[in-house]
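This document opens with one chain alone, in structure tokens, the form predicted on its own.
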């Protein structure tokens, strides 16, 4: 009871402070209550350990059903993750060879997820398997392109029948050295392959095209930035859009400007949330200044928290580093996202716009800083308390005994 009283007291202090600034605290609470983000199946499995001699954190899921078990626990602890993104090549319920994956096999996956209170979210075709070292949909080899076109169409059918009707596409296509590939030919192959997929996939399916500065190609990447992805999406049609991964840019790139431009142009969009420090995007999300600024553009751009979810962008976590406890990491990410979203919702937009119109540079900047520096945790804790959720999902997980349980049950090596 003392803890509940303390939270209520801190929340009341925050509420009064925000109401003085004209912030509708009831509406802010409602949006935090309704915040949802997809978690990736691959964060719960063995993927990502190769950099450390195959090390995998203890208790890693050994198959897609165990991944869903873990995802269900994350949803029970956060109330914010009712959908799971899957990779078709890794998450086939039958664990069939790549060429033998069957759409109908995913019915049992959908049904199992629903018994856990989950749904299958974005469906990811898997383009970086054996035989794609020289490209997937951009490859010179027409048989490689044909094989992966058909794989993408299988993924699209799975999305239409057993998921939310969204496929998200990331390609490892690129080159290591100048002269290795003809860049124009590679882009033509990619465009032609995507056009065929778009025309043949079910009309209920949407696609988001992801981009990345580099990896695995260190000289050139076929879809290297949001401009390339946008051009491809416009070439395809209104059911195609752009997927922004926060870790896929050079240092110093103004990602929130990219978000703003895509919103302003009416481009369908989505975000893969994660953090990176040097040149990878696998780390858990942190509530930093850039993430706050990204959320501010999403909020003011009207693509998050809408009463009609069809107006919202797609929001997914994409992380899978090698050493940390994976479930703790994804819980930490959800916590960080809720904090960043709440900070964006309490920006005093009226005052900000006044200073912008008057070209008051520092005063406008300080309006954003004021929201960013506000401790919104009492607000989030109040929402969780009213929903009967743990106040701190990471601490709740540590105390739950679930880690000890899965370490005991999953002693054999995990496989994707």
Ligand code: PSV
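Not measured: the values here are computed from a predicted model. Residue numbers count along the first chain shown, from 1.
There is also a form predicted in complex with alpha-D-psicofuranose (PSV); it is not shown, and the following applies to it.
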property	result
Heavy atom within 4.5 Å of alpha-D-psicofuranose (PSV) in the predicted complex - the one residue of 138, 333, 81, 124 that qualifies	124
Listed residue (283, 212, 147, 110) with a non-hydrogen atom within 4.5 angstroms of alpha-D-psicofuranose (PSV) in the predicted complex	212
Heavy atom contact within 4.5 Å of alpha-D-psicofuranose (PSV) in the predicted complex, the stretch among 124 to 132, 286 to 294, 195 to 203, 101 to 109	124 to 132
Contact test in the predicted complex: residue 318 vs alpha-D-psicofuranose (PSV), heavy atoms, 4.5 Å	yes
alpha-D-psicofuranose (PSV) contact in the predicted complex: residue 343, any heavy atom under 4.5 Å	no
Contact of residue 170 with alpha-D-psicofuranose (PSV) in the predicted complex (heavy atom, 4.5 Å)	yes
Close approach of residue 90 to alpha-D-psicofuranose (PSV) in the predicted complex, 4.5 Å, heavy atom	yes
42, 248 and 272 all contacting alpha-D-psicofuranose (PSV) in the predicted complex, non-hydrogen atom within 4.5 Å	yes
